[in-house]
Structure formats: structure tokens, C-alpha cells
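Just the one chain here, the form predicted alone, laid out as C-alpha cells.
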């Protein structure tokens, strides 16, 4: 899918889809409480600068990270492919987030992923491991069951419990940093699907119903912030992709305090109605978050 096809495909989605990213004046519809938007849609820049503008619109990094807190960042670095393939989160974005967490006062910033390919190769060749280190963070392994602890999932419909990485239990702040891309099983992968990299037994997700299990695991710990990387968007042959021909250079990013809203916005960018993505619909019905972007408050930024 090239850019022309992408815009044509998303045009039918009204205010969603490409419209979220079209350059025009900023639209605000503040949510109740803090008087700040809950979602920022940014386009047209490099990954680091889009994050800077987006997080500033949401109130700055200090809204999410306080002095002395430990932070876990969960990027997608599951695949042994280079950044140009769009299979993993953009390294520049991850480095910028780590730096800003530390500048906001974090005592330590960790990143990990339960990879699908060999973890050492995936960490290294995705470029994310080096990016985390450049930013001042620590990359943690997640390749053996000893790193995981079983937790209940009250309210889960298909998944009543699962084993999650110990850092998810120990950290003060959790920031989810997925990449938006095609996925052969789930259709699209983004925020909630990225949480499968925090659990040990991914196989039971497929055995018990992938979409419902994705919604269920989202009950465990909602991220303070979800940053969806759509700089390079894999539009086919996901989740691993076969070549750079599977990737569209979109230069977009979604930041949200609500993981369900973030996924709903990202689905529209991908060209899908979020109501037709089962795990988004289920998560909304379960009260994990909202698909109603207007109620959350949206700020759109074109660079």
C-alpha cells in the first residue's frame, strides 16, 4: 500500500484515519479533570521531534514521571530485522523517551521485550538496545521463565491469569511504545497487542482466543502513556515483514493516556474502523478505555 492508496483507503473514515494527520489548525476538546488532552496525533517530523511536540501537548514528561521513580519502557524489539523494515519500534523514538524520563527525574529506566526471534539478535539488530543505552537506560533480558511472575486478571473473559515480567510489578511508571503495523493473526498490532511482549506464555493467547486475550491482559496494568510509532508503517506481511517494500514512510505518531483510544486512533491511521478490530471493541466494552476520541480530547499537530 503506497501513500496514495493509504489516503484513499482512509478517506472513508471521516474524522478518523488520514484526517487525524491532515495539516490544519489544532483541534482541542479537553477531557474533564486535568484540562489537558488525552491524545495527541503528530505528523510530518522525525520520531524524536514528533515525541517532543506530542508529549508537550499532553502536559510534558513531568505529568507522567516524577523524581525518583523507576520507569519501564516496553518497545517492540521482538524481531531480528533492521529499523528500515518497520518490524520494531523506531530506535530514535526510544532513545528520546529514555532521555526525557531521566531528565524528568526518573531514578532508572528499563526496557525489555519477550522476543519472537532470538533475543540477543533482536535486541541488537533492531537498533533498540543501543538506543536505550545511548539514552542512559538499561536493557533487561526477558528470555527465561524465571523473570516472570503469575498474576490474576480480574474481569478477564478468556484469560484469568498470566505470568508477566517482574519489572512490570516493580516499576513505578509503565510507558508502552509499540510500532503500528500489519499482523497476520490480529490484523493490526499496536498498543494492546504490544503487551504480549510482557508475558511469558504467548501460546495460550492463540489457544484461548487471540483478540479476547489481548483485551484481557490489558486489564493488568494500564500504561501511564502509550506512544505508537507510525514513522514507518508495515502495511502487509506482518508482523515480521519480508522487505522494505512492505513499509510506507508515514512519519506519524500517536500519544495517548488511554491505551484503547490510542489503538482506536492508530487503527484509523492504518485504514481500519476500530469497531471492526475485535480486541479494541472488547477492551472498550470491558471499560479498559474508550474508542470515543472526542470525549478524551485530541490535539493534532503537523510539523
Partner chain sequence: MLFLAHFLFRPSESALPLLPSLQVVPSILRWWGGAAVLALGALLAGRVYCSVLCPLGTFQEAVWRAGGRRLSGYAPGSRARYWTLALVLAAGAAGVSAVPALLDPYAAFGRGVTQLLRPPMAGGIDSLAGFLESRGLYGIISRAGRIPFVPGLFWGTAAFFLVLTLWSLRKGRPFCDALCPVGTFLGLFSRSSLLSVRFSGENCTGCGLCGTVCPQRCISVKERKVDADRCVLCLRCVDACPGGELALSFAPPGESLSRRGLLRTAAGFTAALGLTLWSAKKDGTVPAGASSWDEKLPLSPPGSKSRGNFTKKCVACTACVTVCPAGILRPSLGEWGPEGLFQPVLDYGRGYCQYGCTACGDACPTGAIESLEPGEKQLVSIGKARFLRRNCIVRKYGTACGACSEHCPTQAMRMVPFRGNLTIPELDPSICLGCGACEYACPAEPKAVTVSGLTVHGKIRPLSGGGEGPTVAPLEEFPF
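Quick caveat, the model's predicted, so the values are computed rather than measured. Residue numbers count along the first chain shown, from 1.
Absent from the display: the form predicted in complex with its partner chain. The rest refers to it.
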Here the chain appears without its partner; judged in the model of the complex, the stretch of 204 to 212, 97 to 105, 171 to 179, 219 to 227 with heavy atoms within 4.5 Å of its partner chain is 204 to 212
Heavy atom within 4.5 Å of its partner chain in the model of the complex: which of 116, 163, 153, 158?
-> 116
At the 4.5 Å heavy atom threshold, is residue 240 in contact with its partner chain in the model of the complex?
-> yes
Is there a heavy atom of residue 110 lying 4.5 Å or less from a heavy atom of its partner chain in the model of the complex?
-> yes
Does any heavy atom of residue 66 come within 4.5 Å of a heavy atom of its partner chain in the model of the complex?
-> no
Is there a non-hydrogen atom of residue 70 within 4.5 angstroms of a non-hydrogen atom of its partner chain in the model of the complex?
-> no
Though the partner is not shown here, which residues of 130 to 151 have a heavy atom within 4.5 Å of its partner chain in the model of the complex?
-> 138, 139, 140, 141, 147
